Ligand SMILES: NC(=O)c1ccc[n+]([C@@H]2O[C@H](COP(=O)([O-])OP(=O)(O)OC[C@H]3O[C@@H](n4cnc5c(N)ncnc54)[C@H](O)[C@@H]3O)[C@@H](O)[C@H]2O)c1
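Next up: a single chain in structure tokens, the form predicted alone.
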């Protein structure tokens, strides 16, 4: 939040001033501080206001992570896992076997930043390839926005993205581009790290409707990033509100 808000304010003040990012959470180090995209929530919707503004420098010190509680650390880890799922099948296969037990964060952060930087360099303004970085975020942002409006039920961004990655992997299954075995690997690994997010079946339609506010949409078409196998994401895949609601009902069945 601080990197997004700071970058947003720097971009607006006097039509833009130079700024540096010193991210102190894992989420900021591997995601928010990298790529020059800023966004703030508006009227309970995620990242509705924002600009592209590249910082003059980003300074990442992994020792800051020693100050985080486990829940915040896991929230950032969701973005690391996302990078593996969209672009590095070998890394996902390796790390899913070791689990969320990291002795040294430096190499993982470096690897994750390089993945995002490579994608951003190919598409700085998110007109194409950079959209793969939104995997898990169409459903995740809808769920996060919905729970933000429910006092006492708020969840962290990474927790919402973890749900979104399962839901969007399930949608990939229905399109025949991801296998049941791959979905099982994704689910098993994510549930080994993240607590299941609770909601009731009657809420799924209301949550799904919020995807209509997603910034990647074209008109009334909800554009989603899906997996064509682990390590290979495809963007601008049109999905319906009903499909999103169905994916949330699928996730809900996993809660029992």
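Since the model is a prediction, treat every value here as computed from it, not as a measurement. Positions refer to the first chain, counted from 1.
Heads up, the form predicted together with the named molecule isn't pictured, but that's what we're talking about next.
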_Quick one: 179, 228 and 233 and the named molecule in the predicted bound form, is every residue within 4.5 Å by at least one heavy atom?_
no
*Can residue 49 be called a contact residue for the named molecule in the predicted bound form at 4.5 Å between heavy atoms?*
no
*Verify the contact flag for residue 68: yes if a non-hydrogen atom of it lies within 4.5 Å of a non-hydrogen atom of the named molecule in the predicted bound form, no if not.*
yes
*Can you check whether residue 64 is within 4.5 Å of the named molecule in the predicted bound form, heavy atom basis?*
yes
_I'd like to check something about residue 210: if you look in the predicted bound form, is any of its heavy atoms closer than or equal to 4.5 Å to a heavy atom of the named molecule?_
no
*Pick from 157, 74, 131, 96: which has a non-hydrogen atom within 4.5 Å of the named molecule in the predicted bound form?*
157
*Quick one: of 190, 32, 197, 58, which gets a non-hydrogen atom within 4.5 angstroms of the named molecule in the predicted bound form?*
32
*Those residues of 91-115 which, in the predicted bound form, come within 4.5 Å of the named molecule by heavy atom*: none
